[in-house]
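Before any questions on how it binds or moves, here is one chain, the form predicted alone, in structure tokens.
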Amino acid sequence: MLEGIFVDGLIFSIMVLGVLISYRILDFADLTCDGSFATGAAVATMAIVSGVGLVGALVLAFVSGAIAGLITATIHNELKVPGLLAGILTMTMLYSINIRILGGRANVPLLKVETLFQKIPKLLGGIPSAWALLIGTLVIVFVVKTIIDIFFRTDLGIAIGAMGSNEQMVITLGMNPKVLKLIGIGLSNALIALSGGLLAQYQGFADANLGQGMVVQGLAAIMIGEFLFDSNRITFITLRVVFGAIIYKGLMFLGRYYGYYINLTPSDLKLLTGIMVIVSLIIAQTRNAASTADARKKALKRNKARRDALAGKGGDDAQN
């Protein structure tokens, strides 16, 4: 049971990494992820059913998410549509596209085919199945996280991060913000779709509604991770995202299986997620206000000490 929570959280963490890129790094409110997550699941499922290899299915899921992100970024760049609305437009269109990908069905099972999560225990023979799945998923997440860390240390990755903080500075440096948004939003949704492809194989089915509410869940996981430790280094930023995703899934598990003690039903979990985000925002704002007040107090104290030192020095000079 505990291993299952970790596996679910690790798969979910790849999706949260995609949300991190759009919402935190690019400062782009993108709702495409609700559609691209299901797109990744649908593409991977139909690819496996059609006889495409497991790795090939995940590559196709990654590419499908990138295309969805490129569509959102193009609508935003070329039609001057706000990012939020551009994401909603793409998400809405993706629902119909996902139904078509699934062959006109809302749900397609993976019952008669071998998935990645059925193959991993065979590759790691001699290890209990639950632990083999945990180790295999951990390796996949570690590889994805490492690639993201390396990417955001390159000149292109640094430029994308800088654009999220100050787009005008990027323009001043001679870079095209439209191209950077295409790359950033494309990469974000590619990771989200990859997570969807993995989850479909783990659960054994793809559903057109699989990505519903993913953006809120991703934000909740990001905020939980930010409470763990502060850092501006990309390695630790992505690490706390992974931790936050696992903790979030653990909290949802507790709410799902033990919530009846407080009359909490599975239908209340989205309410719980929303409340969690609101509480996280309140705590973050309170902490920032306290930090700002503390910094101001320290600055005033330093200035007072400096003035006292100058006044003492002026008195000594007058005596001399």
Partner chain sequence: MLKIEQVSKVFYPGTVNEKTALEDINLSVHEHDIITVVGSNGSGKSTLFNLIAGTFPVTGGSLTLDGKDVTNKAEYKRAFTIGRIFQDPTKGTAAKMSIEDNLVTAYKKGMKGLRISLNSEIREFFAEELKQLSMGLENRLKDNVGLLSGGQRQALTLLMTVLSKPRLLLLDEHTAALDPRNAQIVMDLTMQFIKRYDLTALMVTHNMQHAIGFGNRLLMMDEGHIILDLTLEQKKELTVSRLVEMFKQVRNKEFDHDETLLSDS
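What you are looking at is a predicted structure, and each value in this text was computed from that prediction instead of being measured. Residue numbers count along the first chain shown, from 1.
Beyond what is shown, the protein has a form predicted in complex with its partner chain; the following relates to that form.
Among the residues Ala132, Met93, Met223, Val179, the one placing a heavy atom within 4.5 Å of its partner chain in the model of the complex is Val179. Only one of Leu84, Ile150, Val139, Leu228 comes within 4.5 Å of its partner chain in the model of the complex through a heavy atom, and that residue is Ile150.
For the marked spot (Leu156, Gly164 and Thr172), a heavy atom within 4.5 Å of its partner chain in the model of the complex is present in each of the three residues. Taking the partner from elsewhere, Arg233 is found to have a heavy atom lying within 4.5 Å of its partner chain in the model of the complex.
A residue is said to contact a partner when one of its heavy atoms sits within 4.5 Å of a partner heavy atom; Gln168 meets this definition for its partner chain in the model of the complex.
Shown alone here, Ile183 lies within 4.5 Å of its partner chain in the model of the complex, counting heavy atoms only. Only one segment in the set 98 to 106, 211 to 219, 85 to 93, 156 to 164 has residues whose heavy atoms sit within 4.5 Å of its partner chain in the model of the complex; it is 156 to 164.
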